[in-house]
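Take a look at this single chain, the form predicted on its own, given in structure tokens.
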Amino acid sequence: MKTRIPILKLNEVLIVSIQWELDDQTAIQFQEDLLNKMHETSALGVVIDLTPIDFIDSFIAKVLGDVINMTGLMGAKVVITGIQPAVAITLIELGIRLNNVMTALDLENGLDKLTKELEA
């Protein structure tokens, strides 16, 4: 059975909390699931919480970058929360640009930041 990352809807926002290290298949499934859920719900924002993730490999980093860019293309604002130092280093070293992406230390701050941004 495939492991799927839960995607929760709260008002106009989708919340994703990735709780374990991703393998390639789960990452691709997550990309598909998130984009489909955005389309179904017309979400205006997405919070992706990476707090438990200590390390990502180059493939997962690329998929994460792609998910963030695709989310923006679909008209939603993105907040990434809980980025650990090793994850930040990997993203930068691989040249993955997170332009127009807000960040926050934790999920609560990320939701606050996104809510304020959507109200603006």
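Every value quoted in this text rests on a predicted model; they were computed, and no experiment measured them. Numbers follow the displayed sequence, beginning with 1.
Not on display, but discussed next: the form predicted in complex with a further copy of the same chain.
Not one of Q31, S42 and D57 comes within 4.5 Å of a further copy of the same chain in the predicted complex, counting any heavy atom. At a distance threshold of 4.5 angstroms between non-hydrogen atoms, K37 is in contact with a further copy of the same chain in the predicted complex. At least one heavy atom of R4 is located within 4.5 Å of a further copy of the same chain in the predicted complex. Though the partner is left out of this view, Q25 does not reach within 4.5 Å of a further copy of the same chain in the predicted complex, counting heavy atoms only. When contacts are judged by a 4.5 Å heavy atom cut-off, L111 counts as touching a further copy of the same chain in the predicted complex. In sequence order, P6, I7, L8, K9, L10, N11, I15, S17, Q19, W20, E21, D23 are the residues of 6-32 having a heavy atom within 4.5 Å of a further copy of the same chain in the predicted complex; the partner itself is omitted from this view.
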